[in-house]
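Next up is one chain by itself, shown in structure tokens, the form predicted alone.
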């Protein structure tokens, strides 16, 4: 039997069911089974693994995940596709299709219902909603071992960028706080139907605790967002504009004390340096609030 992730089968399914790819959902269906193989390999699946698939589409990747993993729950927002998937995977015992919006789904309750202690997330993400889904999965604090995703190539470069490069930004720092990212494969645009205007990439985020001691996650993320809000400005300018609690001169003095330099820009700082700066800023802000002599 031919794989679902082929151009001929995708065309047959769309024609037979009268389904048209919906732009509002950013639907680009996988038509290259080799890409599904690469994604499953990147996820490092075994029969002991539970997989949460986001946006299964026509099931080209779902098919491969079902072969490699013990259990697969595929969440699809499009009712037409969910119905088609229910029919396609009805004979497959280890696959469950759920029609829902992943951003509005109680994943903790779902995992408890399934009896999952851990899971791996796998997805071919629509470009327009890539970052919200990544952040939701990272910030959920669910027992997710890894997130293997197909994303726009430019986003992939941002996820794994190094300090001082043009792709390095707030998203990079946040992702590196929660995980170790790696780019596993580049996926040409002709591997999808309809063909998107850009190439994609398979990225794996291996979740782990932050390796550095942090006093306040909220402050860390506020600092990183402010640091990249105006890339041409110095970090001191960005931080003082975002929060007037500390004047620019005091922030510059703090940066100098930390060995970063008064004129440093946010894109030069590593995750460790952002954590150190955030902790120091938190202490300085608290000292400002404390009564004199306290």
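The structure presented is a predicted model; accordingly, all values stated were derived computationally and were not measured. Numbering follows the first chain given and starts at 1.
We do not show the form predicted together with a small molecule, though everything after this point is about it.
**OP:** Indicate whether residue 126 is a 4.5 Å heavy atom neighbour of the small molecule in the predicted complex.
**Re:** Result yes; residue 126 sits at the interface with the small molecule in the predicted complex.
Original post:
Using 4.5 Å between non-hydrogen atoms, is residue 234 touching the small molecule in the predicted complex?
Top reply: No, residue 234 stays farther than 4.5 Å from the small molecule in the predicted complex.
Original post:
Does the small molecule get within 4.5 angstroms of any non-hydrogen atom of residue 100 in the predicted complex?
Top reply: Taking the distances in the predicted complex, the answer for residue 100 is yes, it comes within 4.5 Å of the small molecule.
**OP:** Evaluate residue 26 for contact with the small molecule in the predicted complex, applying a 4.5 angstroms cut-off between non-hydrogen atoms, and reply yes or no.
**Re:** Yes, contact at 4.5 Å.
**OP:** Name the single residue among 111, 121, 175, 75 that comes within 4.5 Å of the small molecule in the predicted complex, judging by heavy atoms.
**Re:** It is 75.
**OP:** Heavy atom within 4.5 Å of the small molecule in the predicted complex: which of 51, 43, 239, 30 fits that? Just give me the one.
**Re:** So the residue touching the small molecule in the predicted complex, by this definition, is 30.
**OP:** Name the stretch: of 141 to 149, 163 to 171, 177 to 185, 101 to 109, exactly one has residues whose heavy atoms fall within 4.5 Å of the small molecule in the predicted complex.
**Re:** Among the candidates, contact is made by 101 to 109.
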